[in-house]
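Coming up is one lone chain in structure tokens, specifically the form predicted on its own.
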Amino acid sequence: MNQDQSVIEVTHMVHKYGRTEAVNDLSLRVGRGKCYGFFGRNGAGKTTTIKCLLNLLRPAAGSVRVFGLDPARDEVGVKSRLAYVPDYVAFYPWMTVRNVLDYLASFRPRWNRRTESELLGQFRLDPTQKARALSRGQKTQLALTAAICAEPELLVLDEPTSGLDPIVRREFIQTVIGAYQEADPGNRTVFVSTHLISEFEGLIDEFTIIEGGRAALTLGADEARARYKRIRARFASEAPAVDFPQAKQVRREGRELELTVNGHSEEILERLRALAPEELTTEALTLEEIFVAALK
């Protein structure tokens, strides 16, 4: 694969459940070595899209390519190079943690036993414990361990941390996923669908927000922060009732005026300066705040 080739490319994809269009004319491209966020409300079409990438569902129209391959025609070629952690995981209940890992390792050309040992210790997973005795969070930890140890080129995560407690969740996101990519910079790709956008803030390079099966916004994370800003102005007396049609949201409260903008920040700042505020500040929105602003 060329360095600049897409790892995932979805083009005008449609998928229907009966007459209901779960995904409608969706297009996105994930470059190699990126951490790509896939954000949307419940029912927006995120999991359906991921299942189409994995050939668990077939698109009604459009095309899907992973590593330049059609998952429906070259399923083994695609799946041998990726690891997938769904939002709900299950294992053979009679297997121990050790059995599960050995079983999954048997399908893989590579398996990092050192990483396995480190993650078992970090997650405090007992190798002798039966899968049926694991909590939902522990099953998620085991699935994440297996996904990382396989050292895939692509890590596909669908709400990967929903069963984890806040401490383990943050540690996993900041250390494990970061370390997975840093072990082979520019070559390991993460595609993550999550509601916990704020906890992935420092890792996301680019994202797509999906709404009603369609892409509502696709941007690089840095570009998004440059465009979406919060501007605050404080005045000596009550904030003036001036219209700002270019702002996405305007809030007046006493002497304070707060605007959420998507671009046009310099023009709006110039107008505000002409109103002689006592204080004028601007800050970039977080990715979670951009998600909320984009869907309002």
Partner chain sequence: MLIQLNFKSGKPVYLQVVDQVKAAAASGALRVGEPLPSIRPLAEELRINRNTVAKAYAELEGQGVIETVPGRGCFLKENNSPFRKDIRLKMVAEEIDAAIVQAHHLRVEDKEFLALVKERLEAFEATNKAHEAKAKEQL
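Positions refer to the first chain, counted from 1. Keep in mind that what you see is a predicted model, and the values were worked out from it rather than measured.
Not pictured, yet referred to below: the form predicted in complex with its partner chain.
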property	result
Non-hydrogen atom within 4.5 Å of its partner chain in the model of the complex for each of G220, E256 and E288	no
Segment that reaches its partner chain in the model of the complex - one of 68 to 76, 128 to 136, 93 to 101, 179 to 187, heavy atoms within 4.5 Å	179 to 187
Touches its partner chain in the model of the complex: E211 (any heavy atom, 4.5 Å)	no
Contact label in the model of the complex: C35 to its partner chain, heavy atom within 4.5 Å	yes
Exercise: A284 in contact with its partner chain in the model of the complex, heavy atom 4.5 Å	yes
N112 within 4.5 Å of its partner chain in the model of the complex, heavy atoms	no
Listed residue (S117, Q174, S80, S162) with a non-hydrogen atom within 4.5 angstroms of its partner chain in the model of the complex	Q174
Heavy atom contacts to its partner chain in the model of the complex at 4.5 Å, residues of 38 to 76 in sequence order	none
